[in-house]
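In the form predicted on its own, a lone chain appears below as structure tokens.
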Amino acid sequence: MHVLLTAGPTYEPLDPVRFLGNRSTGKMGYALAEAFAAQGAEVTLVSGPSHLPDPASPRIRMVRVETAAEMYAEAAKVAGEADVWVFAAAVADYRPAHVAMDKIKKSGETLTLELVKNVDIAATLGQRKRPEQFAVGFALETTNELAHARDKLHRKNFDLIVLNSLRDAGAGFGHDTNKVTVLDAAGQIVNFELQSKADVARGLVSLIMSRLAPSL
């Protein structure tokens, strides 16, 4: 079984020294890569910038990228041959319309940035997903969590979506623990109480494996 897995943030450059990014560390995605590898899967891990060391398993092939465009390009290379897609990365929705060649100097009291939309990696790949492929997305929400997650599940052609809420203590970016809710298209919900991200990853992989076709 081949798993395509995205993890970490993306950094969208503003000038040679500054970027737009987010607080994702990649911990959940890396834990998932290790958990899949432990089950015998071959994993292509496309990671945005992260201070985490490369996973130790020889079954995990690391591909490091920086921007959303780079992450999409690398994911698209292997999506067609992968049996399972897991989109755990926190991809920037927008990027600066213009990247300055030199450091932007301080001038005036305000600075206005023009942003343009990045490619939606999961949605774009989801349009070409074959029936035998299995796609899992992540949603980090702060309001109307279940409604937003269900919308994303259907809109991006996911089979499962893993919902994080920033309102849950110990969950989300930067923590070694996580608490998630998993939804499927039929409306079934599975709750994972607060535990280590490694344990959450093992539970998610077991759930995913139970949903796959017997041939995988």
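From 1 onward, residues are counted along the sequence shown. Please read all numbers here as calculations on a predicted model, not as lab measurements.
Keep in mind that the form predicted in complex with a small molecule is not shown, yet the notes after this line are about it.
Proximity to the small molecule in the model of the complex, defined as a heavy atom within 4.5 Å, singles out one entry of Glu145, Glu74, Asp83, Asp120, which is Asp120. Shown alone here, Val91 lies within 4.5 Å of the small molecule in the model of the complex, counting heavy atoms only.
Among heavy atoms of Phe138, some come within 4.5 Å of the small molecule in the model of the complex. When contacts are judged by a 4.5 Å heavy atom cut-off, Arg167 does not count as touching the small molecule in the model of the complex. Proximity of Lys152 to the small molecule in the model of the complex: non-hydrogen atoms within 4.5 Å are present.
Stretch-level contact check against the small molecule in the model of the complex with heavy atoms at 4.5 Å: of 184-192, 40-48, 152-160, 58-66, the positive one is 152-160.
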